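Two separate entries follow, structure 1 and structure 2, each one form of the same protein chain as structure tokens.
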Structure 1
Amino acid sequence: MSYDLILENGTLVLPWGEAEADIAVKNGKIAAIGANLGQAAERFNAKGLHVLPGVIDPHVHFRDGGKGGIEGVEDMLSGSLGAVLGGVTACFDMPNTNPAGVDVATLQAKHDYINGHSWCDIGIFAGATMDNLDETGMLESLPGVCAMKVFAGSSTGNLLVADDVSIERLMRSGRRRVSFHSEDEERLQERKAEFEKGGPYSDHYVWRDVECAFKGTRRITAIAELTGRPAHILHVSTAEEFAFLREHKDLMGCEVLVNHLLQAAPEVYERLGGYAVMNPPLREKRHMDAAWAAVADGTVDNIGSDHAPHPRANKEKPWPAVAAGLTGVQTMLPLMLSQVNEGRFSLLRLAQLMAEGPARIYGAVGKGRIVAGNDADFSVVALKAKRRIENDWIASQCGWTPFDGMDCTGWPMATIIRGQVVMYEGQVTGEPMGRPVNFRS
């Protein structure tokens, strides 16, 4: 048989472990895995490289509702360029854009906008508001929608659903897993006056304390159990939440961010100032240690970046006026490859958390694993390559990363999406060819 592409001589990271084998691609799909697979129009020599299933970043803010994003900050084109440069083949984009993705018209427009405006494949979160609670079952079934996103605290615009009655109402509309930013809005507002006069950047995690996050997660879990509806707690940041979610895995999914695995207070605030401010906040080392333990024991389902760019001027304001959010889609894979080299977890576990996990949690069809019939999405990495992350490498229009100057061992060498090589050795090729991701409804 003749194929469109054969990846040969690489080490594949398959669902059951590593294997020396070739992959044949036909019509954008994995057609065969093995040896001596035959002829192909194109061959990719992966000798000395590891071939991962296409890495998915399931938590990005590309700031683009289908009308071009925010000039000088981000749009879908620049955000997805950063993704493929960093070895990421698909991203799931949050709804707090302009216009916000909260109704059929805006979600359909954003879906249609992806073609020609993205380097990688894109999934879309639909946002919950107090005005669309009874429509969420319909919104979650629209093409390209990965899930409903609920801001139970710390929202923008009208994207806030904070009280238990409203959250329960939403959870009874529809059946797919619902994703939550679970900080407790009542506690945030109760304690806000204590901090409004300002202070050091480290006051951010004092205000948005452990109980703020843990209370939100306990409430959402109780509602999930009441309604029988699965939920996913995004960017879990406290040891208390990890311990609690470990006991509620029947309905509750758990995401951890790269930042909460690698950056700890108070040092990070002293070093980076406003470039350490995000929600939920970076916390003390005991929470970082708990996050790694949750990665090791299976509590964590996926790793994300929560890529949320802001202009430098807004990140350099004093606290609490400083904008909350950090860039991360481009640096996520190199940073985690370094953790593999440091013995923190295996390459197989990385693939589970950064490819299979997001695909499983959100029901992405044909994504997440190297198996016959799936999309031919691959993140090809040099496991021992040494590189330094620097601001001038960042494709995001804002032009900065909180990991500037960090040395990495392990680096993405090629990004292949549906059998097309879109990035090779740091250079993008061809034209943006991202498509909407398909999800099981």
Structure 2
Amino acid sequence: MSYDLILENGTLVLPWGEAEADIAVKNGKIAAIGANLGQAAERFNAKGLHVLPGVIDPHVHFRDGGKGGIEGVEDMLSGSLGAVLGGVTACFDMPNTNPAGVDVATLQAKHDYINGHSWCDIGIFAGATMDNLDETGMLESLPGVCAMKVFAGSSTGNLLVADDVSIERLMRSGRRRVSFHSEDEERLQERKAEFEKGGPYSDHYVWRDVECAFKGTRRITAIAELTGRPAHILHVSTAEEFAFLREHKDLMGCEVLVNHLLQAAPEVYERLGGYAVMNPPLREKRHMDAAWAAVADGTVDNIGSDHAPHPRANKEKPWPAVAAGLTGVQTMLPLMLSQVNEGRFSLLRLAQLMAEGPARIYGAVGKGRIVAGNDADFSVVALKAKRRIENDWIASQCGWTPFDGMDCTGWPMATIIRGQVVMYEGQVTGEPMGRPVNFRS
């Protein structure tokens, strides 16, 4: 037997723990794991490196609905370039694009567009609107679609399904897990007038307060229980929601963002101004502590970046005109590896939250774990490498990161997708060969 590729001499992060072993790849899949695997067309020496299951960022906004993105901001090619430079092998892309991914024609066009326009594999969120509430069963089973995404509170773009009756209708069509931006629209609107006159950037988390997020999450959980339909609360940002979701794990999934784990108010607003503004907002340290506790006890199912690029001009507008959203797909893995080195969590737990978790939550076929038969997707990292994150490393067309100047310990050295080395030591190799991800129906 001759394989296409053997990764040798590395430390593997298998689902059940770390192991010194080699991996043989054939036809893009993991063919064998063990020692002395024999002949291969290509060999990758991972000596001194850790081989993680391909990291998935299940929450990105690449701004590209299949007809090109926004010039100077992002498109699928530049967004996915950032992903693979950052050691990410697959991204699940949100529907608030132009055109919005909310109907069969657009979702199929976006699926076909992935070939030749992406460096990494892509899953597609289908967006809920007031016009497609009864079609979610059909939209969520289209090829490449990871889930329905519901904006229950308004954010960037105009996708919104805010009232209980409509959310219940949507939850009664289809059966897969539905993902929610859960900030409560009624509370956002009730309190908007108080803040419209303007104020410091930190007013962002005073307006979009704890109750706004918590109320939305309570309402969605009640509808999930009423309909028996599983849901996923994206970017959970409050201690109150983590405590609540801990009691509702039967139906509810829980995502936390890198930013909510690493950046806290008021300091982050003083330091970064508009470059700290995102939805849901960065909040005080007690919420950050609760997020780490929820990582430690298993309440959190996955970590995401919510990569949401905006041009500098829009990030530098005064509050509340400032655009909400931060880049993150390229920096998430080095930042989280640094937290492993800080002793915050183990490399195994990182792999669970950044590869296995998103694959399980969305039912991604062949992804998330280094096991025989799965896709040969690997994030190969140097756990002790010291590097600095800088704006000029960022591939996103907007050209900035809220982590500019941050020193990291732990860095992605290679990104391998279905057996192809797509990134090696900071350089991409070959042509963009990303494909749509398959999901269990």
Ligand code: DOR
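No experiment lies behind these values; they were computed from the predicted model shown. Every residue number counts along structure 1's sequence, beginning with 1. Residues that one form lacks are left out of the comparison. In this text, rigid core is short for the largest set of C-alphas that superpose within 1.5 Å between two forms.
Asks: Where's the form predicted on its own, in 1 or in 2?
Replies: Form predicted on its own: structure 1.
Asks: Where does the chain move between the two structures, taking runs of at least 3 residues whose CA atoms all shift 2 Å or more after fitting the core?
Replies: This is the sole shifted run between the two structures: 155 to 158.
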